[in-house]
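As a starting point, one isolated chain is supplied in structure tokens, in the form predicted on its own.
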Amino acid sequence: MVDDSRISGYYKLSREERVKKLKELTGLSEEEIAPLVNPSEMDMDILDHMIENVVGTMTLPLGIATNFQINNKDYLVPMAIEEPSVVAAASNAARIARPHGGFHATDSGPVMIAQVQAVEVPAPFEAKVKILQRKQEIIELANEQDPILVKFGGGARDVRVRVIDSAVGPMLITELIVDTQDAMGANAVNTMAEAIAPKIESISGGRVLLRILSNLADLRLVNARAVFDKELLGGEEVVDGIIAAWAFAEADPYRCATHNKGIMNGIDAVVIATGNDFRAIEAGAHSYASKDGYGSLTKYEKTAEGNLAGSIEIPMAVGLVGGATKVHPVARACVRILGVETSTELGHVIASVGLAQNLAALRALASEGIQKGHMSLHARNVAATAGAKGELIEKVAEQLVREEQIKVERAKEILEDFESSEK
């Protein structure tokens, strides 16, 4: 936990100075921060046991988003992503939300759904009633599989049953509703689904096939909201433009796909940094956005004072217990930087970053255009691709931006000129 996430001129510091400042603010030890700032310090034995056929690592840039205040608490937010402008945009949007209290988030609890599929059921609707009549028996059997989860306040809470039509006939789907506490919960709910499968077969007279969790975690929702100051945004005309840009996404799935991708730029970056499953979060988010026809995960409207009110609602199946979050040293360091204590608090942070990221993208689109800021930052990548190193990266990038010629070929020419003048 940090006292204040506002760090003036953080982006102007050298990488070494940023690391030093981060250590001062978070209290991370040299041992904790070493794998984060120097990938060569990574223990390959740990990675070798995480997946199969390990040969090395793929390193992503990891930046720190500043200015975030969520539920009256300040956060420095680690973000792992290769795309330029994302970290800067999120930080700037968080700054614009601060005068009105930052972000406010709530959640529906850490609840996941396990599905048990039964086919060839002679009388599926009768079987549905029979299963519901034995709900408590099924819940008790499920909870026997994970006494530790139950001890800490979690476990199976409910059973619901649906009969669905399919290309191969009717199916009876029994769904187990499980409170997973601070775990993402995949292993726990899958184990419970396996355990109750024989009982579902016995009750229904059918044959059970799949027994697995659903990544459409619509019982594990996070809602976040913020008011973005109209003057800091650039005036009421910009506010109106942002609302019109959002309305375009609501009305058109071609635009909405890119709109929601922008939200996920921020969300995935934090999910990856904390060692959580970004594929599960992506699947859940886009499935949820499609429940009533594909739509925006965010909403925008103007307040009586002319400021911009934004909100987001999104499934957020993340955890702090188990998996890479506990095993990977960089993920552990990122969780320490955040200072979150529960999976729901982590979900609050991630959803708030998604809202901030979306606001920043819409503001750019509605005012200067997305390319101006994005390409300015991209110029550094182009300069490095052309072979520039050290201070020359910034010098070449600055000239590329001035000339509005952000191309590798031009960067090589500028680099040659700088190198010739220094000889």
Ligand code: MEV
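Being a predicted model, the structure only gives us computed values, none of them experimental. The first residue of the sequence shown is number 1, and the count goes up from there.
Same protein, other form: the form predicted together with the named molecule, not shown, and the subject of what follows.
- Annotated contacts: 83, 262 and 265 all touch the named molecule in the predicted bound form [non-hydrogen atom within 4.5 angstroms].
- Just one of 361, 65, 70, 379 comes within 4.5 Å of the named molecule in the predicted bound form, counting any heavy atom, and that one is 361.
- Contact annotation: of the candidates 202, 166, 258, 133, the single residue with a non-hydrogen atom within 4.5 angstroms of the named molecule in the predicted bound form is 258.
- Annotated contact segment (heavy atom within 4.5 Å of the named molecule in the predicted bound form): 250 to 258, selected among 134 to 142, 250 to 258, 187 to 195, 283 to 291.
- A residue is said to contact a partner when one of its heavy atoms sits within 4.5 Å of a partner heavy atom; residue 388 fails this definition for the named molecule in the predicted bound form, lying far away.
- In the predicted bound form, the named molecule sits beyond 4.5 Å of every heavy atom of residue 33.
- At a distance threshold of 4.5 angstroms between non-hydrogen atoms, residue 393 is out of contact with the named molecule in the predicted bound form.
- Proximity of residue 365 to the named molecule in the predicted bound form falls within the 4.5 Å heavy atom cutoff.
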